[in-house]
Ligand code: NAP
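Coming up is one lone chain in structure tokens, specifically the form predicted on its own.
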Amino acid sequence: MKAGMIGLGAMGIGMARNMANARLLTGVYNRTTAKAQSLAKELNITAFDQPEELAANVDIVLICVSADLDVLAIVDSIAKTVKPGTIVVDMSTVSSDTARQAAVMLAEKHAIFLDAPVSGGVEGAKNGTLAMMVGGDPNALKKARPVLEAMTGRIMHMGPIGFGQATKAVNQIMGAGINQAVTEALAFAQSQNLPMDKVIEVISGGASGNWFLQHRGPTMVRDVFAPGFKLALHHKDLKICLSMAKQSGVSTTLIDMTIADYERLMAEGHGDEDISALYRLKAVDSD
């Protein structure tokens, strides 16, 4: 099965390299042409000039872009040339409604769409350990699985189209809560003049331990916020979650609080930092 990758951002480039290492990647497309050409030269694959070209030359199209409108624009482009039976896997984080729209657009061309957002950040993309939550035809997933396994550590079929994105929304809300808890707790620890490395080490090994504390705690307490997951992107995702939650009538207290905090940080120029930059607010507020 020949695969093509559209979108070579911080996540997409790691995914592409892992597929190439498994000898599954035929070509790439990126809006910034130079980036696609550089990676194609590195991996000895083709850099396509347009999404339509890529779609015409592969059996499975993988998409990883930033926003709902970007996904729909890419799907509109590839629908012009996509071959019947092609599987299109969108790994972006968008709304369930966008996933369903994309599926309808491709079904008209007898192509199959899977919404398959991922979790694990830049590290997971680089190391091929991403968790993938998939909505759509289970038979299509079975066909696509050998390609998807090259860049993931876990793949879970969640149900029909849109269920992958709904599951990712759960993940993003939970991530917001963990970010709030860890940053606030560590700001408290610092206000108590505790040895921060020891605090992080001992709590990471206990009932309150978590990935975010273990991997972001040591950097945030040193005011280092190199992005594993950009704050502005999590803000975008939480706005999607907010819309979905309001449709369902469930509580949005945590979402509202985190969106407001992120908007404050973005206004101060921290949108391209890691989401652990929330510590900037907590540390200030604890003084």
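What you are looking at is a predicted structure, and each value in this text was computed from that prediction instead of being measured. Residue positions are given as counts along the sequence shown, with the first one as 1.
The form predicted in complex with this ligand is left out here; the points below concern that form.
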key: Triple contact flag S191, L265 and Y279 to this ligand in the predicted complex, non-hydrogen atom at 4.5 angstroms   = no
remark   = With the partner omitted here, the residue among A169, I87, L186, I74 that in the predicted complex has a heavy atom within 4.5 Å of this ligand is I74
ask   = Can you say which of 53 to 61, 29 to 37, 242 to 250, 255 to 263 gets within 4.5 Å of this ligand in the predicted complex, counting heavy atoms only?
value = 29 to 37
ask   = Can any non-hydrogen atom of A22 be found within 4.5 angstroms of this ligand in the predicted complex?
value = no
ask   = Quick one: is T46 in contact with this ligand in the predicted complex, heavy atoms, 4.5 Å cut-off?
value = no
query = Is G7 a contact residue for this ligand in the predicted complex, using a 4.5 Å heavy atom cut-off?
reply = yes
message = If we define contact as a non-hydrogen atom of the residue within 4.5 angstroms of the partner, is G135 a contact of this ligand in the predicted complex?
response = no
message = Heavy atom within 4.5 Å of this ligand in the predicted complex: which residues of 215 to 233 meet that condition, in order?
response = G228, F229, K230, L233
